[in-house]
Structure formats: structure tokens, C-alpha cells
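Below, in C-alpha cells: the form predicted on its own, a single chain.
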């Protein structure tokens, strides 16, 4: 039977994850800073130095300014993917953590909300560190850039909830290879992270426009660079809200079914 109620039980799931994470948090923060720093140095400064004559293709921006916010959006997807595949499967099948949790007053909905709360915390810390790196590279153009943090969390929630829903249907980890190769990697490469969609053929532009990472990249880029389009920004935000809401509903349903099986 599905047990709901207050958010206090979900906070217990969050606390459990924090107690596990606190032993390695400093390493996570270090690599969270090092990865975007190296990526922006290699791709933004190194490769971007070869693209000075192509500023018009990036809306009059230096390549590093176009790239940085897109990488933040892509990082939200990657963090959500790593947190919502193998760790969740471990708690369902191998470690059977969820079985132990469900022997208490917790229900599957508390587990889903607790996991998403924890992943939201991880996304917020990663986004804050990433924003510091973008500021070091003089990419942030306005204090409004701080709003990129909650947008990053919202983006990650959408991917995370959807992947929890997927993971709850899997009996082994073979499906993750398909997700990484045919969903995550194509989104990373073709959703406006590294180049504008106008460089793609028209059919691929339509397909890319329908992806959640494109909307996240456009919204985060507009916030960080102070180029937010008031006409399209609400559409990008609405897309991400619906994406997250549908993902949460599916995660709640699929995990409840799996734990009853």
C-alpha cells in the first residue's frame, strides 16, 4: 500500500544519503571545480581561440561564452544520470536498501521524493561551483546568472525522475548502456551545447528543439549572459516544469510497482 503524508519521511531518505556522502564530499567538490575548469580551458580557450573569426555563428559571442552555459546544462543531465541509474538499481536489487526502508513507515513516494531531494542538493552544489568557474572565466554577465542554479536543479530533476522511472523497470544494467549511447550522448552532442542548432539540417533542428537539454541550455545561457528572450524563456521554463512533473509521476508509479512485485 502506498503511504504518503508529510515530507519528514522523505527527509530521512535525504539524511541517509548525506551520511553516506559526507565521507567523500570534499573530493566531489574538488572534481566538481576541476572538471569545468579544464573543459573550459581546453574547449573554450584552446578550441575557441581558433574560432575567433566565427563569432557571428555564435550570436556575436566568443565561443567560450557560448560554450560555458551550455556545459552547465549538460552537466545537470550528466549528474542526474549518474545519480539515477546504478545507485538506484543498487538500492532496488543488489543492496536492497529500499526493501529495508519499506519495512518502516516509509512508502515508495517518500523514497522518490527523498532521492530527488538529495539529487537536487547535489545539482545545486555542482551548479554553484560551475557558476564560480564561469565567473573566473568572466562569462557571467549579470547577477541574474544566480537563477541558473535553480534552473539547473529543475533540469536535473527532469532527467533524474525519468531515469528513476526507467531504472525501476530494469532487471539488469544492460539497459543503461542503451540509455548512455542512444539518449545521453546524442543529447550532449546535438542539443545546442557546443554549437547553435542553426548549423544542423532542418529536420535535425526540429528533433533537437524537442529535447529537454536544448530548452535547459537556452534558458541557462540567457540567464548567465543576460540575453534572456522574454518571448521564448517562459516556453523553455514550462517545458522543463512539465518534463520534471511527468518524470516524478512515472518514477512514483514505476517504483511502487517494482517494490510490490
Partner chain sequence: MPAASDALVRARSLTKRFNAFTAVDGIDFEVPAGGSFGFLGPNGAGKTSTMRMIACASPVTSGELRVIGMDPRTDAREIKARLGVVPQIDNLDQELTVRENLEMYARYFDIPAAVARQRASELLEFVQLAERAKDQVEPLSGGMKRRLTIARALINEPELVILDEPTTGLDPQARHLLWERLYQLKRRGATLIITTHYMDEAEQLCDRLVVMDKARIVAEGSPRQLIDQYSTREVLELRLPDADRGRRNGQLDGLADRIEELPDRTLLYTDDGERALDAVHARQIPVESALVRRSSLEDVFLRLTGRTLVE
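Just so we're clear, the structure is a prediction, and the values are computed from it rather than from any experiment. Positions refer to the first chain, counted from 1.
Although it is not shown, the form predicted together with its partner chain is what the next lines describe.
*Asks:* Could you confirm whether residue 9 comes within 4.5 Å of its partner chain in the predicted complex, counting heavy atoms only?
*Replies:* Result yes; residue 9 sits at the interface with its partner chain in the predicted complex.
*Asks:* Taking heavy atoms only, is residue 104 within 4.5 angstroms of its partner chain in the predicted complex?
*Replies:* Judged by the heavy-atom cut-off of 4.5 Å, residue 104 is in contact with its partner chain in the predicted complex.
*Asks:* For residue 136, is any heavy atom within 4.5 Å of its partner chain in the predicted complex, or not?
*Replies:* No, residue 136 stays farther than 4.5 Å from its partner chain in the predicted complex.
*Asks:* Answer with yes or no whether residue 97 is in contact with its partner chain in the predicted complex, where contact means some heavy atom within 4.5 Å.
*Replies:* Yes, contact at 4.5 Å.
*Asks:* Which residues, if any, of 137 to 152 lie within 4.5 Å of its partner chain in the predicted complex when only heavy atoms count?
*Replies:* Not one residue comes within 4.5 Å of the partner.
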